[in-house]
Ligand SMILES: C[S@@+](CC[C@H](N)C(=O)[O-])C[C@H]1O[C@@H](n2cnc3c(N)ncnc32)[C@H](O)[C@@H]1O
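What follows is one chain in structure tokens, specifically the form predicted alone.
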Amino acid sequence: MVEETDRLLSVGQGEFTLDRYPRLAREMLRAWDAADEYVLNHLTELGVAGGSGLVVNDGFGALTVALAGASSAPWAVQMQSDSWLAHAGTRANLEANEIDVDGVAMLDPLAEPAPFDALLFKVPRSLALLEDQLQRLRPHLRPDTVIVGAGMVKQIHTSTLQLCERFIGPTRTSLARRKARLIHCTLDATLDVPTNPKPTQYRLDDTKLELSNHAALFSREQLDVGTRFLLEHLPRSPQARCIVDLGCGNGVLGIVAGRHHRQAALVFTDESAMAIASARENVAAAFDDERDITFHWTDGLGGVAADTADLILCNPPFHQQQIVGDAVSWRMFQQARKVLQPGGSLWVVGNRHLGYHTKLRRLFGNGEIIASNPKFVILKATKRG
């Protein structure tokens, strides 16, 4: 369990108390890593203080909080992330350290930042997301912009550096420090590179619908096999009045279910801003404006009223940022039980080895296998009155 001393980030900018979000009673992980410490101390060593900075992919606000709350010369900070949890965690940590939340601009990944003097980016899990971010940010860079990336050694590959060189310019890495490295980039204004990234698209089987997929989405080039398996066994419930696509990605589960249930209201939720943007585009192409459809960029089912859904469809993710585990799916299942009406059901697809059936039976008191193959299983849990 994380001790009080493990909640204290001590860097050149000062000391700050940080927590992961949502904060768990028996949290085992810190809210920052060695790469966060490395880049913050590097700025102090360079004598870079104050000014305006854009922080990209901040996990729970370690970089944002330290810069905005720097004891000697606070920065004007913009924080940009695809993750709702990163935004919520950053706000919570700013408040906990008595730093003005309104003084920090919080941007989604498709927003245009204001001018900045320094760009600090954490290396994301996805090369596609990094490429998209570098393309979008390049027009905002100047020859004198300080550009520093940070990540753990295992996250920084030759392909990572090649992307930086392709879209920014000359790139070099630092020596490793506590298994973390920095990436130093210098803008080459002569590079001829695209700066208007476009979503990938693929056609949904047996339809004319082209599904749009922004860079942060899982399986952007084709329908993933787990979702495909669930689509083959989607329930037909004529009485369903509200269907939720939980962790919607590009919205394909909700769209297909909506075509089977023409009178049902549809709700799409995801923790990724790019997922919600993709789902909005795909839903607009699939349905007319008169359909009752809502979107929530949120943690699981945050903001969705209790006892309102008849059917929830879910292909849960098995990681949150860089951490792999079942905490996200467990939280989703708990939220689903609250949002379902009595008699409503949650349908889940997952890898067989993840053991979702045990979690669902413990939470709902029931669970049945709808279909299975050598890799995946589809489970149904019903909320009892």
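Small disclaimer: the values here were computed from a predicted structure and weren't measured. Counting begins at 1, following the sequence as shown.
What comes next is about the form predicted together with the named molecule, which does not appear here.
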**in the model of the complex, residue 316 touching the named molecule (heavy atom, 4.5 Å)** = yes
**Asked** Does residue 298 make contact with the named molecule in the model of the complex, using a 4.5 Å heavy atom cut-off?
**Response** yes
**Message:** Given that the named molecule is not shown alongside this chain, does residue 253 nevertheless sit within 4.5 Å of it in the model of the complex, heavy atom to heavy atom?
**Reply:** yes
**Request:** With heavy atoms only and a cut-off of 4.5 Å, decide whether residue 282 touches the named molecule in the model of the complex.
**Result:** no
**Fill in**
With a 4.5 Å heavy atom cut-off to the named molecule in the model of the complex, the contacting stretch among 71 to 79, 240 to 248, 138 to 146, 172 to 180 is 240 to 248
**Prompt:** Does every residue of 85, 227 and 331 put a non-hydrogen atom within 4.5 angstroms of the named molecule in the model of the complex?
**Reply:** yes
**Asked** So which of 133, 278, 272, 90 reaches within 4.5 angstroms of the named molecule in the model of the complex, heavy atom to heavy atom?
**Response** 272
**Request:** Counting only non-hydrogen atoms and a 4.5 Å cut-off, give the residues of 197 to 219 close to the named molecule in the model of the complex.
**Result:** 218
